[in-house]
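Below you'll find only one chain, the form predicted alone, shown as structure tokens.
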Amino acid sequence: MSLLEVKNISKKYGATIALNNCNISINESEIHVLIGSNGSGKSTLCKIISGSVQADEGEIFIKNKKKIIKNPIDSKNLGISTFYQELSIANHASVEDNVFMSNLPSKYFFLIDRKKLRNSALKFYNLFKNVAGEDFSLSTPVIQLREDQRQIVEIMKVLASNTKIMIFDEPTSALDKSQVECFFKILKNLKKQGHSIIFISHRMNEIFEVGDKITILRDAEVISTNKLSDVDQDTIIKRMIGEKNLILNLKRKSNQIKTPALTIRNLCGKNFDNISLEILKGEIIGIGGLHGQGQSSLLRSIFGILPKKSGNIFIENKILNKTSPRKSINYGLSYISGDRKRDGIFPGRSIFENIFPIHFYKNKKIFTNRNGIQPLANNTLDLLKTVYSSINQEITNLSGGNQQKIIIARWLINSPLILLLDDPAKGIDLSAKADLYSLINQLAEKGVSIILYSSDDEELLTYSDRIFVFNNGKITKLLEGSEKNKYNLYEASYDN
């Protein structure tokens, strides 16, 4: 019997189609897997079901009755709970407080009943106590926990809700093997008890171990729904990418110099392990794989934003000891993030003030002739086809794409040797992307070395000379030449 059914669900964000006329049915006592590439619509679909995002069109039915879900409270009242990729736990509260945050037991009308809370939380703590670690307890503040332990707390929150329908969006991404095995036993028991589970994972072994059915999404649409016993890994990957992309092998003009610009040897850090690669002068190296597999952490560690645990970084055969952003800038490295709000713009400041801080630092300038340096900015902004009215214009008055061009101009003014691009085209329109990658190609032709991480697979395949595919913080495959195609990229990304 169908417990949950969504019919003709569509969602747009401006011109971007996040979901297009999607239909899916979840039966009672079923673990239903959703799979698709980055941006295929999986998370958007789950957010619509859970009430955190509103659909533009379509209907939701629970036990064949049409329901209106306007917010997460509506969803919970209808028996739906959700584990989100972005954890929603309170860092300074204890584990037990987080597990029952939305339903804390009380006494005397306003005081928390600590004894009742502890007894209720013990049930879920005991499920994980043998795999969570000795430093994991119900009284521990969440801020003191490791990433895997924080993920367990989020899972416990969903389990404590005891809803009939549970949605888990990448719940195992930070868990080790023993923790995953424990979690899967819990899911299988929930299924026996009549619960229905929507499960999103990129790990093929997990999908086949725990799933009953699988729905594949591509380009915001549902491609197929099958019993997992009726499909294999190869079929799933082919449906995810589409037949037209099976032998896609895009090329770009390359002008490499056979001299290493940057060499990384056995580098280990947060979210990545034992990374070794070499980039030549004038080469564009792509870093591929699903989002959150250590790509951004690697780039931030090379630049010195995050500390490295071990390993070596060489720039033109000179070892870079004790990395820091200041040292990296002095060595000719530049880091451009797609998260301009976190890593880029200075809100409330002018374009001029946003462009020149790196220039002032590298040239050790405190005072300068504004008229003398302004042409540097104008020339670079013209190359990027930036639309602005005045160099004195406040940066937040620009479009997102033009803000990103300002950030890029900041680093290009001083002719970098190595560009670290951390999803630089994220959230900008197609025209701005075309301008950005046109300039990136020009820089590579002039001998600038570029490491590019992009959540857009087409960008990686089009502009990279070679692609290192990441999976669980490690390089699983190097794609070059005829192997640089979408099928091989997906196969390595979703490999066990």
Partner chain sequence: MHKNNKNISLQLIRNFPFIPSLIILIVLILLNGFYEPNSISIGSLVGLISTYLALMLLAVAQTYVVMSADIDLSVGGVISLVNVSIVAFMDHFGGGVYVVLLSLLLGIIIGILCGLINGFVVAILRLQAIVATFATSIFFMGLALYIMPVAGTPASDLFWLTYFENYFGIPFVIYALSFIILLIFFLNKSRFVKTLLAVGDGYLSAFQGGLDVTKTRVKGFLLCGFFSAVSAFCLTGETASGDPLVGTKMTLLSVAAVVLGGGALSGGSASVIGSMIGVLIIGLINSLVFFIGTPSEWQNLIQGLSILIALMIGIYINIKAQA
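From a predicted model like this one, the values you see are computed outputs, not experimental measurements. Residue numbers count along the first chain shown, from 1.
The discussion below concerns the form predicted together with the partner chain, not included here.
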Quiz prompt | Complete contact of 72, 89 and 134 with the partner chain in the predicted bound form (any heavy atom, 4.5 Å) | solution = yes
Quiz prompt | Exercise: residue 387 in contact with the partner chain in the predicted bound form, heavy atom 4.5 Å | solution = no
Quiz item: Going by a heavy atom distance of 4.5 Å, is residue 29 a contact of the partner chain in the predicted bound form?
Solution: no
Practice problem: Give a yes/no on whether residue 122 approaches the partner chain to within 4.5 Å in the predicted bound form, heavy atoms considered. | Solution: no
Quiz item: With the cut-off set at 4.5 Å between non-hydrogen atoms, does residue 76 touch the partner chain in the predicted bound form?
Solution: yes
Quiz item: the partner chain isn't shown here, but in the predicted bound form which of 178, 310, 162, 106 has a heavy atom within 4.5 Å of it?
Solution: 106
Quiz item: Only one of 375, 400, 141, 242 has a non-hydrogen atom within 4.5 angstroms of the partner chain in the predicted bound form; which is it?
Solution: 141
Quiz item: Of these, 182-190, 234-242, 279-287, 78-86, which stretch puts a heavy atom within 4.5 angstroms of the partner chain in the predicted bound form?
Solution: 78-86
